[in-house]
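Okay, so here's just one chain, in structure tokens, the form predicted alone.
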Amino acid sequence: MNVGEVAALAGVTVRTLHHYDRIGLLQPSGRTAAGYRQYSPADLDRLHQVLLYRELGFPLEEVATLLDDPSADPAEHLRRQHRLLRDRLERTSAMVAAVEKEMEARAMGISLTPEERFEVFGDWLPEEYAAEAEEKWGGTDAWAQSQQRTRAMSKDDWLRVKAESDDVEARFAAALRSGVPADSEQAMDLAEEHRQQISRNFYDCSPEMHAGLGRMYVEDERFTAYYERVAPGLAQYVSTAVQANAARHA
């Protein structure tokens, strides 16, 4: 193949191939009678190796050293490149995931840095539920109200909301451990406090809407797991208290 054909095949410029020839990195195996470069299949294989190492960030001098090592095993080149490419893929995948989470968080109106979100939410990432929540409630007034409020919330606002939530969850757990019935006045009062927190911080949560959330705490294993981390049996306890409180208001 001539230099133009090789350049087109490899996606590089003719000037690049001329440079590789001048520095001895990739010298064509043959020349025509007129002096034009001719590349053999072995030359193309070497070019492939050069371009892979360049893509991985190796300087040309180091690429030449690697490829010209007489003790080098061609299979080892492939194993090294495969390992380096896998490492790059993992880093790139992690970066893509981080960017996607940032996009989802902003779509939810959470205007916090990744560090601030970790400080507020720990390893629970609300943006993981963003697409699902929007699909279910995106056209509702409650969704629009929540979006408007959360967009205006600072880190301190989120910390306050989390402190309020942690406090009522802790008191729910204490009532559960003390044997207080989930449909008792005490438990229903906690459920009403929980509903008022949602109304105050996110959207106007009616008793009926709150009852729906309560059912979700036991029907959706992710929410069940969240409450079970606080205390075993808490998901069902809170669900019962919330629905009992909704019936009381009805």
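A residue's number is simply how far along the shown sequence it sits, counting from 1. Since this is a predicted model, take the numbers as computed values, not measurements.
As for the form predicted together with the DNA, it is not shown, yet the points below apply to it.
Chemist: The chain here is shown without the DNA. Which stretch in 210-218, 57-65, 192-200, 40-48 comes within 4.5 angstroms of it in the predicted complex, by heavy atom distance?
Modeler: Checking each option against the 4.5 Å cut-off leaves 57-65.
Chemist: Is it the case in the predicted complex that Thr13, Thr16 and Arg31 each bring at least one heavy atom within 4.5 Å of the DNA?
Modeler: Judged in the predicted complex, Thr13, Thr16 and Arg31 all sit within 4.5 Å of the DNA.
Chemist: Can you tell me if Tyr20 lies within 4.5 angstroms of the DNA in the predicted complex, counting non-hydrogen atoms only?
Modeler: Answer yes; at least one heavy atom of Tyr20 falls within 4.5 Å of the DNA in the predicted complex.
Chemist: Would Gly35 sit within 4.5 Å of the DNA in the predicted complex, counting heavy atoms only?
Modeler: Within the cut-off, so yes.
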